[in-house]
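Before any questions on binding or motion, here is one chain by itself as structure tokens, the form predicted alone.
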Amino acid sequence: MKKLVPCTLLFLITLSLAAAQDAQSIIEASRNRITARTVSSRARMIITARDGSTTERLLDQYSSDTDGKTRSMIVFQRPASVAGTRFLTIETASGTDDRWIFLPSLARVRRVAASEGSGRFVGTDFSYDDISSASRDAGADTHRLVREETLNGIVCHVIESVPKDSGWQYSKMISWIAKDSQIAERIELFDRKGVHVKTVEILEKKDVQGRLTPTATRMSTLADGTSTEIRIEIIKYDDPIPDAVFTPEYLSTGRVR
């Protein structure tokens, strides 16, 4: 059974204990930490603008492993301006993701092209590529163990990951992965010019059904002075999810038939 990503938006929460201490092994094992056939969650998304004002969104997410491939559905519940927006991701045999979005204002399903990967996801600090990063194959990048460093009292491996494919929106990622839990406490993302543009930080962690799960995460966009915080209110592992949830019909109607 494949190790399933608990929440695609929180791509960093899948990091865990590595048997070997070289960078490639740490990254590979980290993305396979939590074993689950399905994950269901409800989260609050807090978007902070440059002037400090905030807006909140409520969303549900369902993820499932089928034949070793991950499928994920995100459903925005409120406020009214985004309610009914749904986003479907299905991992393909090649390891890439097919992505579709339903926008109520357009009343139709639209496929999200690979060239749109750097675009903001529903006005948040996350891009479409950020959302899909949870299922990104470790072999897509070259990893280097840079150093050991203590971050907020936690001893971490600091790993630099450089994509082999120049088409990805980032030129590299630097991750601070805790040596004990192997959770990524911090990830810095650099654009194609080598400029540090975004930072992901873990704010809280909790034990959920015997699994150490980050329940609060913040993505900050440095140049804009904005951030998006995601706080998981409910998360359940291995609850049954109908296969029909991960279909174009559900994407367009929000109903299981």
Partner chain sequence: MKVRDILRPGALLLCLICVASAGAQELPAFGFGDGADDVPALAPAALPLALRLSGQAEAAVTVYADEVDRFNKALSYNAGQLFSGSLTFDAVSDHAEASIVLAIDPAADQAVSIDEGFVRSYFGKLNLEAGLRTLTWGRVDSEGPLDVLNPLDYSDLSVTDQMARKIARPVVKASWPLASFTRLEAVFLPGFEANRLALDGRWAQAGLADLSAQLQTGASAAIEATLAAMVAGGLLNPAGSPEQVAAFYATQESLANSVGTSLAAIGESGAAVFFPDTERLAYAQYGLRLTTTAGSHDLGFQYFYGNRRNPAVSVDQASLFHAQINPLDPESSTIAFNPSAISLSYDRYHQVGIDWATVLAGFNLRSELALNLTDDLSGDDPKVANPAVLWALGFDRSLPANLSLNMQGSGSVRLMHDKLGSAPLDAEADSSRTESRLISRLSRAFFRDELELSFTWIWGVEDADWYALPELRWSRADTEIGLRAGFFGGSRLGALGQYRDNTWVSAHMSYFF
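From a predicted model like this one, the values you see are computed outputs, not experimental measurements. Positions refer to the first chain, counted from 1.
Same protein, other form: the form predicted in complex with its partner chain, not shown, and the subject of what follows.
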Seminar exercise, completed: In contact with its partner chain in the predicted complex (heavy atoms, 4.5 Å), from 199-207, 186-194, 25-33, 47-55, is stretch 47-55
For this session: With its partner chain left out of view, choose which of Ile90, Cys156, Ile174, Leu145 has a non-hydrogen atom within 4.5 angstroms of it in the predicted complex.
Result: Ile90
Exercise. Does its partner chain come within 4.5 Å of any heavy atom of Thr217 in the predicted complex?
Worked result: no
Exercise. Though only this chain appears here, would Thr228 touch its partner chain in the predicted complex if you measure heavy atom gaps against 4.5 Å?
Worked result: yes
Exercise. Would Val112 count as touching its partner chain in the predicted complex under a 4.5 Å heavy atom rule?
Worked result: yes
Exercise. With the cut-off set at 4.5 Å between non-hydrogen atoms, does Lys69 touch its partner chain in the predicted complex?
Worked result: no
Exercise. Even though the chain is shown alone, can you say which residues of 70-85 have a heavy atom within 4.5 Å of its partner chain in the predicted complex?
Worked result: Gln77, Arg78, Pro79, Ala80, Ser81
